[in-house]
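Here we start with a single chain on its own, the form predicted on its own, put down as structure tokens.
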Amino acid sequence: MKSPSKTEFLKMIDMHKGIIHSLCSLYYQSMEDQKDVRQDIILQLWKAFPSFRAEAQSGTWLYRVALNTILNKKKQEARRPGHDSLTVIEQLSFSAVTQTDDDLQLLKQVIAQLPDLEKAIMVLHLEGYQNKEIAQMLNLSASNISTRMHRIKTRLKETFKSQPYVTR
């Protein structure tokens, strides 16, 4: 069995950079935190790459490693006392300025507030994966994904309906 090459690894990362970016930006608000977690993800992918057996699609494997890396990082951060007090204040003041200006920014903020599993489902949905593919990636049934997607979409619609819009 031939060992994977650096070129193959870089090609895979380039092919799936969108999903890495989406995960980083949904779980972390600051550009610096996004950059840090992106580096952590790529490091974990590189460490795990030799064991990638191509039994699953590369995107599925990459997503699982990336999501697990983020969730582990979030758990470590949650154990540190006072880890996010300034970040939360910065996010609140930033969101107050941009909320009425940009529906996309509001959507990102709402998705960022979802529980981790629902956030993962939305990221995959927005990346264009079908419910069956999402179910395989997250080890859930397709009907479970369908039900959760319906609930998430309902919650998003309610959030958007309740937002005050500034008329220009």
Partner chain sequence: MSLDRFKPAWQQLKLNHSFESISHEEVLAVIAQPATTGKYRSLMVNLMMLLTFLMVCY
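Take the two forms, superpose them, and find the largest set of C-alpha atoms that agree within 1.5 Å; that set is the rigid core. The structure displayed is predicted, hence computed values, not measured ones. Residue numbers count along the first chain shown, from 1.
There is another form of the same protein, the form predicted in complex with the partner chain; it is not shown, and what comes next is about it.
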TODO: Flag residue 127 as yes or no: does it have a non-hydrogen atom within 4.5 angstroms of any non-hydrogen atom of the partner chain in the predicted bound form?
DONE: yes
Open item on the list: I'd like to check something about residue 134: if you look in the predicted bound form, is any of its heavy atoms closer than or equal to 4.5 Å to a heavy atom of the partner chain?
Closed with: no
TODO: Indicate whether the partner chain has at least one heavy atom within 4.5 Å of a heavy atom of residue 48 in the predicted bound form.
DONE: no
Open item on the list: Test of understanding: in the predicted bound form, would residue 36 fall inside 4.5 Å of the partner chain by heavy atoms?
Closed with: yes
TODO: Could you work out which of 117, 43, 140, 112 is the residue within 4.5 angstroms of the partner chain in the predicted bound form, going by heavy atoms?
DONE: 43
Open item on the list: Using a 4.5 Å heavy atom cutoff, which residues in 123 to 157 contact the partner chain in the predicted bound form? It's fine if the answer is none.
Closed with: 123, 125, 126, 127, 128, 149, 152, 153, 156, 157
Task: Core-superposed comparison between this form and the one not shown, residue 24 Cα displacement 2 Å or beyond - done: no
- [ ] Would you say whether residue 15 is displaced between this form and the one not shown, judging by a C-alpha shift of 2 Å or more on the superposed rigid core?
- [x] no
Open item on the list: Given a superposition on the rigid core, I'd like a yes or no on whether residue 36 shifts its C-alpha by 2 Å or more between this form and the one not shown.
Closed with: no
Open item on the list: Having a change of 3 Å or more in the C-alpha distance between residue 16 and residue 128, I'd like to know whether it is closer or farther in the predicted bound form than in the form here.
Closed with: farther
Task: Cα-Cα trend for residue 146 and residue 72, given that in the predicted bound form the distance shifts by 3 Å or more - done: closer
